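The data below hold one chain only, encoded as structure tokens and taken in the form predicted alone.
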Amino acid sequence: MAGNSTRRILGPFNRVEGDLEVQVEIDEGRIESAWVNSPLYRGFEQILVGKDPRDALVITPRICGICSVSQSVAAARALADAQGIEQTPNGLLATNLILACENVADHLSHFYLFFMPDFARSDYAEHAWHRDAAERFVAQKGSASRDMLPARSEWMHITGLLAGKWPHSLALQPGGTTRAIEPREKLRLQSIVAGFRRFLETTLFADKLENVAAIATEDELMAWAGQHAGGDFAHFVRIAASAGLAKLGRATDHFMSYGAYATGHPNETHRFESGIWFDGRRESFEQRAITEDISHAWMHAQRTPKHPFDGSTLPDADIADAYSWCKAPRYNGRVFEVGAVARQLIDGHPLIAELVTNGGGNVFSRVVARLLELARVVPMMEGWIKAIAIGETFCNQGKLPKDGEGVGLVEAARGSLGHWLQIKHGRILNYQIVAPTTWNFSPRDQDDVPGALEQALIGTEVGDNGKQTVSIQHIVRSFDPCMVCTVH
């Protein structure tokens, strides 16, 4: 540490799902280095060893009450891969709807309840927009919460109709879903989505979803925000321009997506395509390129980075040089960022491509990508409900092999989630999970390369002795972290 440098430890962070601690080294009012600590160990991978493989459908959703559907889908896909079965068309549509319901709700909660309340803080009191922002977005008491929470509550009935309950449903199975619906329930689903579309088109966007999804450039976004100033998205765009959010939190500009919302078609496997974004170009994704590095995690028994099928999760709180319970996932040995900005960039949306080209992945582009995804996914859901064939089966059945393995990949709201399952003598031999925030909030690897958030924090202005932490809060929350999934 340089002579004039200081270190600060920040945490726990409020309005973040789970425990998080960030240590920063500050020199002349800027962050020089950062270390992200996940100070919690849970042990779900050990719990699964020796169990019937089907128990993963019961146990893994308990990793998180916010991302439980994503965990269920990943477990079901790993089992389906091991069994060699496919979902029925109805089961695929229902799975997409249940997953989209959770992802859309998470994006909405992140924007209204986790991210925007920071602009009601006294740090921004001198700005002309602060009074309106405080009245609209202040935590718990703002008018936005009163508008959003009833819409979100009604929205979650989609999962109630298709999966029985949320969270921790058992309806998501390897061959589809167990809950067939009747004609009147299909009408109910259409009614719920129509009501939610009205909320988005009157309160969040003040415009048609299709018009929002069609915004193709940053200039168009700024012009659109001026024309639809009454919506909360436009409110955010104005604040973001004033606060300089596009210059905050740039990480590696390497992005990855497993592909979101399966189609069942061989030539277009997902509605949001899979791939990686590396050095400014898109490349195909290969899951065998994923490794986990434990050189700075409180784990032992693994000297080199390993693919999850070859890896283990064995805790050891006495490991020297470790500072987190989070492993360091890498793709081809590199740090990659995951989440909505990665999905929309890799899927080729022109607005996100331009924002990333101009300023990389940053606080502004991450939030814009999340809201853009709302405008793109809800119309997809309308089509999936319409396509459900009443009276046809929702679930295929399959037989588990005594020995085998399977991979379950899914895009949760926060990014790429993977389950790797190995079966021996009819029991789970090894089960490894790599969660979205494990990618984004990883510690350093064996080459001492910081993780995505650690890199995103470097260069941030925090004032003398790091007293101005609001920028750090923006950067952390722009990733929408889920720490309980991270350390599973």
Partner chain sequence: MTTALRTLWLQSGSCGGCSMSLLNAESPDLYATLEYAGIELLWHPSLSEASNGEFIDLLNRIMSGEQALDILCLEGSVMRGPNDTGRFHMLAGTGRPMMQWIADLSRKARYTIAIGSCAAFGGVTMAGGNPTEACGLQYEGNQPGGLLGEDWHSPEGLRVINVAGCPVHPGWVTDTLAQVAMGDMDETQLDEWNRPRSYTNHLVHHGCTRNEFYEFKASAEAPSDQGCMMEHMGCLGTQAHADCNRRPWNGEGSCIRGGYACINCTAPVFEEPGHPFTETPKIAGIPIGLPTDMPKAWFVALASLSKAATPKRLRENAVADHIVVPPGSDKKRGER
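Positions refer to the first chain, counted from 1. Predicted, not measured: the structure shown is a model, and the values here were computed from it.
Not on display, but discussed next: the form predicted together with the partner chain.
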From the list Arg197, His168, Arg376, Arg136, which entry has a heavy atom within 4.5 Å of the partner chain in the predicted bound form?
His168
Scan Gly244, Gly333, Pro315, Gly348 and let me know which has any heavy atom within 4.5 Å of the partner chain in the predicted bound form.
Pro315
Any idea which of 224 to 232, 359 to 367, 180 to 188, 208 to 216 reaches within 4.5 Å of the partner chain in the predicted bound form, heavy atoms considered?
180 to 188
At the 4.5 Å heavy atom threshold, is Arg477 in contact with the partner chain in the predicted bound form?
yes
Quick one: does Arg152 come within 4.5 Å of the partner chain in the predicted bound form, counting heavy atoms only?
yes
His254, heavy atom within 4.5 angstroms of the partner chain in the predicted bound form:
no
Is Asp310 a contact residue for the partner chain in the predicted bound form, using a 4.5 Å heavy atom cut-off?
no
All three of Glu17, Phe114 and Thr159 touching the partner chain in the predicted bound form at 4.5 Å, heavy atom to heavy atom?
yes
Hey, which residues along 58 to 75 are within 4.5 angstroms of the partner chain in the predicted bound form, non-hydrogen atoms only?
Val58, Ile59, Arg62, Ile63, Cys64, Gly65, Ile66
